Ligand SMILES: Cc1cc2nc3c(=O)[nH]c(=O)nc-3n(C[C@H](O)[C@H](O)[C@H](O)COP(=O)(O)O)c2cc1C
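To begin, one chain is listed below as structure tokens, in the form predicted alone.
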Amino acid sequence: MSDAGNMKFQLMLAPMEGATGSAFRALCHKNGADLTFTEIARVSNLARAKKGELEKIAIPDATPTQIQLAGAKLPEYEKFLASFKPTAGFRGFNLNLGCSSPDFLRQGLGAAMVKRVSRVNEIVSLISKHGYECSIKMRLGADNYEKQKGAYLNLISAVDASFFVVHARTAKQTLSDKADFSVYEKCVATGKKIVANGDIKTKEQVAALRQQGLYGAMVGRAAMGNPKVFKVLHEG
């Protein structure tokens, strides 16, 4: 069984490209977000010290923030991590296994990595070797076939990440498709820390997730409309 029930339920601000800059992260944290995330950054560009990519992962204040990374090549991670210097708000890295853009999927990145368990394990181990926490944000698989085969459960069970943010849709689905909250029971049964993601915006949803033993919930679009949503959800 998960021990999440003995911990404070965590409310997190989702990483959103072009939206979750430092000012918005600080605003959401002030309004109750326990943890925030940078927008996605490509490790290949970070390894080459590209200015624009380094600006994406800048954490200029003490707002608790994880840096979200996309990449599959171990030498690029090693090169980047060798020169990385954490600042006060840094709380670790988050691997993107959820992006569903055709460009990412063609390169075997984003949601295409859900079935690449060995490589994900290697990346998490490498980040841990450098002394940093590593979490994972993932979809249920590339498509319904991978979902039905339990690709997401295989990865959660096999990888020793600090927690798993499970966006309850496949890569084939869009935000107009309803998130499948029924998957969380099996996710929690792995004994890992599970964070729900996808259309979370009400106190009733949060109460139900807490009751199931989840570690937390990640909020994206609802926070864009109202950064105070975290206070509302914590009150629930």
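Source: prediction; values computed, not measured. The first residue of the shown sequence is 1; numbering continues from there.
The same protein also has a form predicted in complex with this ligand, omitted here; what follows describes it.
**Student:** Does the 4.5 Å heavy atom contact test between Asn96 and this ligand in the model of the complex come out positive?
**Tutor:** Taking the distances in the model of the complex, the answer for Asn96 is yes, it comes within 4.5 Å of this ligand.
**Student:** With heavy atoms only and a cut-off of 4.5 Å, decide whether Asn197 touches this ligand in the model of the complex.
**Tutor:** Because a heavy atom of Asn197 falls inside 4.5 Å of this ligand in the model of the complex, the answer is yes.
**Student:** Can any non-hydrogen atom of Pro227 be found within 4.5 angstroms of this ligand in the model of the complex?
**Tutor:** No, no contact at 4.5 Å.
**Student:** Is Gly220 one of the residues lying within 4.5 Å of this ligand in the model of the complex, judged by heavy atom distances?
**Tutor:** Taking the distances in the model of the complex, the answer for Gly220 is yes, it comes within 4.5 Å of this ligand.
**Student:** Is this ligand in the model of the complex close enough to Met7, Glu185 and Leu209 that every residue in that trio has a heavy atom within 4.5 angstroms of it?
**Tutor:** Judged in the model of the complex, none of Met7, Glu185 and Leu209 sits within 4.5 Å of this ligand.
**Student:** Name the stretch: of 197-205, 59-67, 22-30, 44-52, exactly one has residues whose heavy atoms fall within 4.5 Å of this ligand in the model of the complex.
**Tutor:** Of the options given, it is 197-205.
**Student:** Counting only heavy atoms, which residues in 13-36 are within 4.5 Å of this ligand in the model of the complex?
**Tutor:** Those in contact are Ala14, Pro15, Met16, Glu17.
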